[in-house]
Ligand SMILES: Nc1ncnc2c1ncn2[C@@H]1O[C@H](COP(=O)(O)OP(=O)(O)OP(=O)(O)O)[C@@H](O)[C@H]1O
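Only one chain is included here, represented as structure tokens and corresponding to the form predicted on its own.
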Amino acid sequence: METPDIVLEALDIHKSFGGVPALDGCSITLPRGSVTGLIGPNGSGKSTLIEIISGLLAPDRGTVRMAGTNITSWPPYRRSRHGLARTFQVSRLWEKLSVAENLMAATPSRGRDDLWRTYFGRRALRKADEADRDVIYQTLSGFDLWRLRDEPAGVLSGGQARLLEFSRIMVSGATVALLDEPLAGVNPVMADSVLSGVRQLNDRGITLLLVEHNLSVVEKLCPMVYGMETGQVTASGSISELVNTQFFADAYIGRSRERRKS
């Protein structure tokens, strides 16, 4: 049973592809309200772990629990309704919809998918729509996107698209979000805005798992970091603690020297 301070657990996760292990007994826990980092070289299993937690892949063995509930066999949409959100390395938006419409589509239904409410609950639906419009205004304003509310999402820059993804997470009612390389494809000019957006999500009480190659970003945002190699968590602690471990020497210093030689 999950303790009250732990909002998500991935325990003893195993996953192989064609007989080759991608994850070999990987375990992580996310304390409620935390920003936890996940680092490691390419091929270490980070993306596979994210896919399993979000439900896009099924583990060969192991357990994923969220808010005290075993969600290992749940499809992604059910996990989303339970409060789990995620982003991808390449932003995934409804590009032909406007910025505001992207948020409208992410808000909870509040009964609007029930046919009977269309005829007999119109007053309640109008109130729900008004509340959603207020939330959308406040959220887009908080991420400096309100001026772009009528623009198609497909015209946004990489950084603006990332902020719109964060906005969708915020209005969806998510309690946990998996951020897969949030700075990927973001112009350095927008990097500080994206980092500020990550902090805004956490300030709203959303627990975050951050996968990121930029260790200085991880150090700024994540008091706790898991280091992965060959499908296992081989180190954990703050970045300042991890730099003195064998994991860091093998995963970063050693590989950097190999690249310089080649």
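Note that this is a predicted model, so its numbers are computed, not measured. One rule holds for the numbers: they count along the sequence shown, beginning at 1.
Below: the form predicted in complex with the named molecule, not depicted.
Counting any non-hydrogen atom inside 4.5 Å, which residue from 68, 31, 237, 41 sits next to the named molecule in the model of the complex? By the 4.5 Å heavy-atom cutoff, the listed residue in contact is 41.
What is the one choice in 89, 138, 187, 98 with a heavy atom within 4.5 Å of the named molecule in the model of the complex? Looking at the other structure, the residue within range turns out to be 89.
Is residue 207 close enough to touch the named molecule in the model of the complex, meaning at least one heavy atom pair within 4.5 Å? The answer is no: residue 207 has no heavy atom within 4.5 Å of the named molecule.
Heavy atoms within 4.5 Å of the named molecule in the model of the complex: does residue 54 have any? Outside the cut-off, so no.
Would residue 132 count as touching the named molecule in the model of the complex under a 4.5 Å heavy atom rule? Flag for residue 132 set to no.
Answer for residue 61 alone: is it within 4.5 Å of the named molecule in the model of the complex, judged on heavy atom distances? No, residue 61 sits far enough from the named molecule in the model of the complex that none of its heavy atoms falls within 4.5 Å.
Quick one: which residues from 43-63 get a non-hydrogen atom within 4.5 Å of the named molecule in the model of the complex? Counting only heavy atoms within 4.5 Å of the named molecule in the model of the complex, the contacting residues of 43-63 are 43, 44, 45, 46, 47, 48.
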